[in-house]
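Coming up is one lone chain in structure tokens, specifically the form predicted alone.
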Amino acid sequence: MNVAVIGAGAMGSLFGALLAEAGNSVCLIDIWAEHVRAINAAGLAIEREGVSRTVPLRATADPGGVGTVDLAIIFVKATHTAAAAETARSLIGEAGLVLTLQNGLGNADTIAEVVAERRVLAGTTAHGATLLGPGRIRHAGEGSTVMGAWSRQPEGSGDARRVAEVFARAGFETVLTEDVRQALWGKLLINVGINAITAVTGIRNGQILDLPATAELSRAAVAEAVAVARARGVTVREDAAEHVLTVAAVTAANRSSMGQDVDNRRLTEIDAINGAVVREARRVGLEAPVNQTLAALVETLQAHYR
């Protein structure tokens, strides 16, 4: 399969590399010129549990030279989704597909405003990665990747199955779902309970469990999001808050993606995560004061980067 990965940060680079190792033709697209040059010159170095390997990859900052692809995977931050959707539309020709594995709510809807909804796939992944420098990432952890068609039309299931098979051959534990919106809310709950807290405090995921007050803050943020999801008619697990704390324990050594953004003075995805909970709460007549406070704190922090 010919694949373009739009957004070659840690996760985009990881997925592009594993798909390339499985024999797919992959091109990474990113605006970070130094990263692009490093990958083209020496491949992508992937560190995993102290062992490093290098994967030959093609990378570019110019989507115009990529050609037509079967699949465009969007891995940019939520603030850049609209622009990435335009890039994807220029690459997929008459029959290609677009897959978003981004964090937060609203990305698939934004893409579907640019690309026909029937050609949009969405999903979540439990893989973790950290960008170490130009041409270098750390594969921090793995888990299942869930995907499904954004359109509710029957033909979407066939497209999702075809892409899922490609991912499975690349070594991804891939799960197809008929209700990808439920999967997105499930991932959102994890991000709601971990990301903003770690971003503001500078701690790693597992340190949320160090103090009862921090764990309770996570539970409160997740409880608000659960109430909003149920008001929207979305089914979420009964033990959502405790599940988030379990995820924090399993990924104890990881710094969340939002934490990494703050560390590197980048704009975060707070608006698509805790901010999205606040917006969705208002639409269904609920309040989400914990998520509103967490969102305000992260927004304040990023507005005053030195």
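The first residue of the shown sequence is 1; numbering continues from there. Here the structure is a predicted model, which means the values were calculated and not measured.
Separately, the form predicted in complex with nicotinamide-adenine-dinucleotide exists; it is not shown, and the next lines address it.
Among heavy atoms of residue 128, some come within 4.5 Å of nicotinamide-adenine-dinucleotide in the predicted bound form. Heavy atoms of residue 75 reach within 4.5 Å of nicotinamide-adenine-dinucleotide in the predicted bound form, making it an interface residue. In the predicted bound form, nicotinamide-adenine-dinucleotide sits within 4.5 Å of a heavy atom of residue 29. Not displayed here, nicotinamide-adenine-dinucleotide is kept clear of residue 280 by more than 4.5 Å at the level of heavy atoms in the predicted bound form. None of 47 to 55, 29 to 37, 65 to 73, 238 to 246 except one has non-hydrogen atoms within 4.5 angstroms of nicotinamide-adenine-dinucleotide in the predicted bound form; the exception is 29 to 37. Residue 83 is the only one of 168, 83, 175, 209 with a heavy atom lying within 4.5 Å of nicotinamide-adenine-dinucleotide in the predicted bound form.
Looking at 225 to 239, no residue comes within 4.5 Å of nicotinamide-adenine-dinucleotide in the predicted bound form, counting any heavy atom.
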